[in-house]
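Let's start with one chain on its own, the form predicted on its own, as structure tokens.
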Amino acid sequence: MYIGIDIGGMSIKAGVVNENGDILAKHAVTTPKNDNDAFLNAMLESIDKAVEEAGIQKSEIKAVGIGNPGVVDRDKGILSEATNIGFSNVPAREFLQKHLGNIPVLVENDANCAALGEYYKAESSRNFIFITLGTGVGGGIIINGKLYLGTNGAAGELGHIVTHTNGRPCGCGRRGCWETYASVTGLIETTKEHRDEIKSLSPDEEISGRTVFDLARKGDKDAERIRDMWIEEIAIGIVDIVNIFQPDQILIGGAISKEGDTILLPVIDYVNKNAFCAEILSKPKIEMSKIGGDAGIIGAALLYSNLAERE
């Protein structure tokens, strides 16, 4: 049995996963912000609850994999940074080995984990890009069936290509990064900027990532227009990715991917019209995640097996 941990801006999800990548049990806890100790204890709580719900003993755990929404130190097992959560230099391996025994604890970028999960469980192409839309925008790059990490291990930070010069400030320190517009956080910000234009939205109503989608389904044309503005922001970045990598396939994940064709069809249309030499070159297949929100847990859990394959 393996433990996969998917760290998000809102929750930490832990799952007990078997060698085939099947989740036997999972548990989520709220992600503490700006507090390393509270974060580590929350992560341990999520593991304990998942193990309890799976009905196994901790001694049956062969390895733990952690997907972090930011930079990691793989050699030392440290979660180096997660700008959208507010922690740095979290000694995840050292902490978990004190509580779970001296078992392997591997750390990886969360989008890389999700890409691996898709590759193992969804029979994806051997050359594809995984994009996850959530608090930020993450990316995982699979080339010839292997995770591409780059010279320094930080490849795949697709959310930090700039799509708006001097645009919104980003947690990375730059302005106008793709994730400040195309993430769910960016959608919420865009909705707030245009809330006065949405007639059916009351002044004190809380804005979420679902707001304009729900209102558009009820026939609100202003909400539909703002929703479509956000979808175009996604498409703009995907065109850049297509132009750089020309992959076989692009998969879009994150909770918002449940909106399916509402997002997917206009993105495909935009890419088909705007990619480099669009009228000549073949295009990648663009699809929603095959296994949804569980991809990060599965990929993190299988990090140990993937490392063995690479060696």
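Just count from 1 along the sequence shown to find any residue number. All values reported here derive from a predicted model rather than from experimental measurement.
Keep in mind that the form predicted in complex with another copy of the chain is missing from the display, and what follows is about it.
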| item | value |
| --- | --- |
| Close approach of Y148 to another copy of the chain in the model of the complex, 4.5 Å, heavy atom | yes |
| Any non-hydrogen atom of N274 within 4.5 angstroms of another copy of the chain in the model of the complex | yes |
| Distance check, D248 to another copy of the chain in the model of the complex, heavy atom within 4.5 Å | yes |
| 4.5 angstroms heavy atom contact with another copy of the chain in the model of the complex for A122 | no |
| Of D73, D240, E189, E224, the one that lies within 4.5 Å of another copy of the chain in the model of the complex (heavy atoms) | D240 |
| Answer option from H160, R217, R168, H194, heavy atom within 4.5 Å of another copy of the chain in the model of the complex | H160 |
| Joint contact, G156, I244 and L281 to another copy of the chain in the model of the complex, by non-hydrogen atom at 4.5 Å | yes |
| Partner-proximal stretch of 168-176, 104-112, 84-92, 201-209 relative to another copy of the chain in the model of the complex, 4.5 angstroms, heavy atom | 168-176 |
